[in-house]
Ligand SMILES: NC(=O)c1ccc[n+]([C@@H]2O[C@H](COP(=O)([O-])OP(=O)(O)OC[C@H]3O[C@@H](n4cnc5c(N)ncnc54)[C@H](O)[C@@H]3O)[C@@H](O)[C@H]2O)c1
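Only one chain comes next, encoded as structure tokens, the form predicted on its own.
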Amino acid sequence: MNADTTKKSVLSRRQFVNSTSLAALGLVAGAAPLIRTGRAAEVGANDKVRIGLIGCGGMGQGDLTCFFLNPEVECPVVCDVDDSKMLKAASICEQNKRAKPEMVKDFRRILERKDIDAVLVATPDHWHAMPAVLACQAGKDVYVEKPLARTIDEGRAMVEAARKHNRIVQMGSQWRSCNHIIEAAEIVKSGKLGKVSIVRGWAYLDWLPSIGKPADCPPPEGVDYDMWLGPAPKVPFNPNRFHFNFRWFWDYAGGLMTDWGVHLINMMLMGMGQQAPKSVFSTGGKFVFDDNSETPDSQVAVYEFPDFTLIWEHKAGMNNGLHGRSWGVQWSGTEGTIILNDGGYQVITEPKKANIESERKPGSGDPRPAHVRNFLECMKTRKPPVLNLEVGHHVSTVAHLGNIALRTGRKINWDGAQERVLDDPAADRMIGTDYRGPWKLPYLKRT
């Protein structure tokens, strides 16, 4: 796999969301089949899984299409604050030969329904925790998009709710179910690379443009803007703080660090285990774009783990990342190195060593069907899914710590057991969250 081939294999977020094709989507090797036996029409009423979609934007539409690859899935109700997005989700239901769903603007109407088994939360990040926690309380299982939440404390509340109510919750970072990534991580864990002391992840994205500086204006017709804000601070409507671009504003998300960073930190730690970092330092800023976004377009974060260093970096406005790859992960060991992205992985032997053979492994295709299938199977078996909340909270926390270090401008020391920043009250406050009334999140450690 050369650099040119790798570049061609990289998908932008929009391409990735829109690439789902019922004819083309295949399974990751070793995953459970999408259709067990017989025809889709033969799925019995007792075998149906009824989901409610909360958040009908690009990710919600893509996830819903993927869920419908499983013949037992029905979607009786969809929810969004924007009428136009709900209509698109309803159209996806009908295109996939499901009944036209009820459309509601308040997610609590979904949680009240006794015929809903699980909810799919594909909202902006600041709306992940509330519906997920309340869904657990209502006895629903949850598939929630990454990052787990906007803050570390919200993520912990989600973990506690799922545990208390014995719910199955899967975080939607689909790479956890990707066959070639699993295989590469197993090589790392096997010790064949020798002592891995540096792990690196990067995302250099030329498809992210400047978003400009549009003026505040009234929200579009059919949008309940106050409900969209929810627990976030009340500010005038601005087009850039709304669909998709909400990612670049601290009130709602954490920029590329919690967007792409969570995906790749998830991959990196698949090979290194679940230990917590001891400290993190981060630097960066808005060096590329002159617009009204807030999160950095360029950032590097360095994490000190007990026995290795993890480095994350991202940059918008260019595609030429490390090793000629727009994005990737690298594990560097004394015996060899693995370089990985969606196009596959490459094992490179250290010149003076011969304990591992150099090899190339092609990519294993779209992992979303297997990730969703794992969630559906775990709903039945009640076994933890591959990206359960303990894991999802851990990888999201690592990403959040990078942003806290960046925003404070200081190296922060982390107590993973207590989930506290040590000796820095200002930084420690940033792991929490302030909710705009009347919204209150159950299970928060501190308010």
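Just count from 1 along the sequence shown to find any residue number. Predicted, not measured: the structure shown is a model, and the values here were computed from it.
Only in words, not in the display: the form predicted together with the ligand, which the text now covers.
The candidate stretches are 318 to 326, 213 to 221, 302 to 310, 122 to 130, and the one lying within 4.5 Å of the ligand in the model of the complex by heavy atoms is 122 to 130. The candidate spot formed by M59, K146 and F244 lies fully in contact with the ligand in the model of the complex, as each residue has a heavy atom within 4.5 Å of it. In the model of the complex, the ligand sits beyond 4.5 Å of every heavy atom of D141. Interface membership of C79, defined by any non-hydrogen atom within 4.5 Å of the ligand in the model of the complex, is confirmed.
Proximity of W228 to the ligand in the model of the complex: non-hydrogen atoms within 4.5 Å are present.
Although the partner is absent here, I54 is a contact residue: one of its heavy atoms lies within 4.5 angstroms of the ligand in the model of the complex. This chain is displayed alone, yet in the model of the complex one of R373, R200, H263, K88 has a heavy atom within 4.5 Å of the ligand; that residue is H263. Comment: the ligand is not present in this chain, but in the model of the complex one of E335, D342, D259, D297 has a heavy atom within 4.5 Å of it, namely D259.
Contact annotation for 166 to 197: residues with any non-hydrogen atom within 4.5 angstroms of the ligand in the model of the complex are G172, Q174, listed in sequence order.
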